[in-house]
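What follows is one chain in structure tokens, specifically the form predicted on its own.
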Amino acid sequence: MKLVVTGSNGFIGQNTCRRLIDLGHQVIGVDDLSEGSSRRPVDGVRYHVRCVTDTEWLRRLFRETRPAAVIHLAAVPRVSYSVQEPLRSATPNLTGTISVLNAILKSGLVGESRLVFASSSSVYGGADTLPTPETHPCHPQSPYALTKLQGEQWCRMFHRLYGLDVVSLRYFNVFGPGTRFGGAYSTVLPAWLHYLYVDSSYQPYLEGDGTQTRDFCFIDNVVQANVAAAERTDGFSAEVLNIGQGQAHSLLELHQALEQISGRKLPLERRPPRTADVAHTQADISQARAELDFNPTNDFHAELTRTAVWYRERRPAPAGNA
């Protein structure tokens, strides 16, 4: 099976490409390296250093390669970055998604190729139902979240108008080996690991009181969902599926676990709650179980340990936008 993966050099992208290669698929990677070029290429992937907003180039690529599926992961990540830089965040995220959709259409791949769109749990905003089902109303609280919701809407429109086989996967707080510190815009786990294993001069901090909870989804589970969505024999009709672990852990619990795993103190500077932050996230994954046979692992402490060991052994450089 031949597949195109956009954002192929990112955290989720590299792990997805690696698994696809292991399964014997032909993988074509597209990435503009905006998240940095320090990650080693995945052996077996045919890479193109291009931006997904170049829809004419994408059209030619799709027409020439005729992929069975396109896994669209390319995006400028991080809620906090989008709050500070709404235009720089929104332009590649939304325009890039429309560009991919248009390239599939104009290359004549509708009916031949599937699109797997990487969405985000941030589309829900502060959900008042936990675990949160896909039917819950969406109230995005940041430019990043809004672009992901709009991306889903564009996917549904292309299904309605043109019959595109497309599914949107709403990822919940993805973590694991390979995730990287993002400087001022970093998410909490890589920021704390950066202090513990890379740079002890960095001041780690906690925004809010730490009782906020997150459905931390291990990278292997996200890859499992991406592969299952790409390989499924039945077509999709613009479904939206939650991809999480169905469990929630507080930041205080995360702090305690990292101190235990590292054997070091993690001194946190207390700061006000982050703008556009939400109090709690937890995925209802019953639809993903039914549609993708999704069966995530749920050993949070073991998954944290694997992530911490990777940081200790690799001491990774920060990602882009740091």
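For clarity, every value in this text was computed on a predicted model and none was experimentally measured. Counting begins at 1, following the sequence as shown.
Unshown form predicted in complex with a small molecule; subsequent notes refer to it.
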- Checking L101, L149, A75, L109 against the small molecule in the predicted bound form, the residue with a non-hydrogen atom inside 4.5 angstroms turns out to be A75
- Looking at L189, A118, L241, L164, which has any heavy atom no more than 4.5 Å from the small molecule in the predicted bound form? A118
- D284, heavy atom within 4.5 angstroms of the small molecule in the predicted bound form: no
- in the predicted bound form, L33 touching the small molecule (heavy atom, 4.5 Å): yes
- So in the predicted bound form, does Y124 come within 4.5 Å of the small molecule, heavy atom to heavy atom? no
- Using 4.5 Å between non-hydrogen atoms, is V174 touching the small molecule in the predicted bound form? yes
- Query: Out of 249-257, 263-271, 284-292, 66-74, where are the residues with a heavy atom within 4.5 Å of the small molecule in the predicted bound form?
  - Reply: 66-74
- So in the predicted bound form, are G182, F218 and L304 all sitting within 4.5 Å of the small molecule, heavy atoms only? no
